[in-house]
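The chain below stands alone, shown as structure tokens; this is the form predicted on its own.
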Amino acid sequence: MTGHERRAAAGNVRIGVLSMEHVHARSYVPLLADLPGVDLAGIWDANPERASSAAGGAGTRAFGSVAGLLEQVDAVVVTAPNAEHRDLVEQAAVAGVDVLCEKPLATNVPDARAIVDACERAGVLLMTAFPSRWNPAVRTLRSTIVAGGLGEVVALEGVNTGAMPDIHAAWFVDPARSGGGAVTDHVVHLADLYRWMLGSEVVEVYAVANRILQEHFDGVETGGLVSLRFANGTFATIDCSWSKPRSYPTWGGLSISAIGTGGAITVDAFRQRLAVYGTREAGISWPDWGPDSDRSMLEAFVDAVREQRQPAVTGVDGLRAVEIVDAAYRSIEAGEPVRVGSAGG
């Protein structure tokens, strides 16, 4: 029985989580357990103890195998290290199970394309996890651009910086599992938002990167600046650096400045926060108090699964972001601008 057939026979959408290794799994799991109309059916992780701990905290079941979990669900959220996405998504597709996959969709273009193709062949839904599309400030900026409120958009300047992510999981700084450093980790969010806002594709990329910031990690860049040229003529930049110190009150942030012929707007996606001053050891923290973009994204995925319609962010959106990252690395190596693989078709 496929995931679609199981859903037709049951009321709630049954969702499983494949891997707890990504930091975002720690927020997705309690949200899924709390969403109306959702049964968090179970969690699988390559580490059985990690799976049991997460499942116990969420009041669900730990599975010893991917296949065992896929037999019990309508959809899965893949939150494994980047290099493992393809294998897990392809297993879900064969089982007829819809997928929400963490970003980046894959560590290279062939794997990202294979993920999209596998889900298309199997007729299952594939959504890429880009929660920033549900941030209210970002959505307001896009609405303004689409409505022509800034005139013709000439340039976009974006910053998506953070602390060294090894504080969350060591695999983030292991290129064999992550696919790269700051460029892999942080370019995709803004690249996706830019495409979404402009309705245009990136045709050329120029990028630079180094390991000056933070500690030295062989094979993983810690700082980067990426310049994009869109087919419609808009120019954009992305500061993707892991430039925040480990003592910073939060992981980082995301902001965008849009400059048009009729005006300019700057948005800070994580401005709604409280400053909490703790002990000398705890320091300062900035807990969010505004709308939860992760929850909104998960709700949108559940609705798409329930109604069997195209999700708001597709697998192709994830593929396009990976193509931009690929172009950035090729540009870094060549020391000059390069064309993006998807440009022109």
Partner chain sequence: MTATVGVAGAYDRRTEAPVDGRRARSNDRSGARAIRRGSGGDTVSAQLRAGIVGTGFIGETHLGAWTAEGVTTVVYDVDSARADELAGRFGATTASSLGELFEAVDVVDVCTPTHLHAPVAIAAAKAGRHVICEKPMARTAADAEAMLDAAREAGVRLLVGHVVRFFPEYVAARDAVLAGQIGDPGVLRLTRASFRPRQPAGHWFFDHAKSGGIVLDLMIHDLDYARWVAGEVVAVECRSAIVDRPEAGVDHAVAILTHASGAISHVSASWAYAPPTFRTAFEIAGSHGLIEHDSAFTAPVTPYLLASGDGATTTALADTSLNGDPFRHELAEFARAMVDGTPTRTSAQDALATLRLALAADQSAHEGGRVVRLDPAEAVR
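Remember, predicted model here, so these are calculated numbers, not experimental data. Numbering follows the first chain given and starts at 1.
Keep in mind that the form predicted in complex with the partner chain is not shown, yet the notes after this line are about it.
Asks: Looking in the predicted complex, is the partner chain within 4.5 angstroms of a heavy atom from every one of Q72, R86 and F130?
Replies: Negative, none of the three is within 4.5 Å.
Asks: Exactly one stretch in 136-144, 223-231, 172-180, 106-114 has heavy atoms within 4.5 Å of the partner chain in the predicted complex; which is it?
Replies: The contacting stretch is 223-231.
Asks: Indicate whether the partner chain has at least one heavy atom within 4.5 Å of a heavy atom of E90 in the predicted complex.
Replies: Judged by the heavy-atom cut-off of 4.5 Å, E90 is well away from the partner chain in the predicted complex.
Asks: With heavy atoms only and a cut-off of 4.5 Å, decide whether Q272 touches the partner chain in the predicted complex.
Replies: Contact with the partner chain, no.
Asks: Please tell me whether any heavy atom belonging to I167 falls inside 4.5 Å of a heavy atom of the partner chain, as the geometry stands in the predicted complex.
Replies: No.
Asks: Are any of the heavy atoms in Q214 no more than 4.5 Å from a heavy atom of the partner chain in the predicted complex?
Replies: Taking the distances in the predicted complex, the answer for Q214 is yes, it comes within 4.5 Å of the partner chain.
Asks: Taking the partner chain as it sits in the predicted complex, which residues of 133-157 have a non-hydrogen atom within 4.5 Å of it? Please list them.
Replies: Contacts from 133-157: E152, V153, V154, A155, E157.
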